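This document starts with one chain, in the form predicted on its own, laid out as structure tokens.
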């Protein structure tokens, strides 16, 4: 396997996150740039189908001599909206933005903060697909949380300013809204924390860690 992962993305935020995660296993991440419209976004109802279709296209654009390429597809899934925007997250963000999502949920309020979080429950989900030159590996990650009543912070990208992650237990698992965890943003959105703190919750980190667990050549002692 190449020590370089070519990541098909034009999103600098995604690239920075992936670089942060893969650096922990000694691999460099570089952007695989292709002309606009060359890689076609397939119409599908789930993230994995989209990611698998995109990596088949990305393979054709790897630099000569390189073998490892990754694509990642992620979305925001809001319980009260039946999982919307889901696979359409990028389009919806470009169309109505964070303010539009907040407005869609404006009626879901409660003076009880725990009930408010349940009413506005959501999750970030990610699927990362990597071709290592020999096999296709699929990693998945989920970050549970809720939608804030207004945008907070300017860090991150996409829906980060309106997403409050659920607290985590000592094993890194998401907890119910009424349970205080050992890791918490204390009600702050991803847009209000730095990348190292977001890394603790990240759905992309979890998807990439899932990939790494399936790469025996990267595991210690092998």
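Numbering follows the first chain given and starts at 1. Values in this document were obtained by computation on a predicted structure and should not be read as measured data.
The same protein also has a form predicted in complex with a small molecule, omitted here; what follows describes it.
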- Residues in which of 154-162, 174-182, 24-32, 61-69 have heavy atoms within 4.5 Å of the small molecule in the predicted complex? 154-162
- Does the small molecule come within 4.5 Å of any heavy atom of residue 89 in the predicted complex? yes
- Message: Under a 4.5 Å heavy atom criterion, is residue 48 part of the interface with the small molecule in the predicted complex?
- Response: no
- Task: Indicate whether the small molecule has at least one heavy atom within 4.5 Å of a heavy atom of residue 52 in the predicted complex.
- Result: no
- Task: Please check if residue 5 has a heavy atom lying within 4.5 Å of any heavy atom of the small molecule in the predicted complex.
- Result: no
- Task: Kindly confirm or deny that 79, 144 and 146 each have some heavy atom within 4.5 angstroms of the small molecule in the predicted complex.
- Result: no
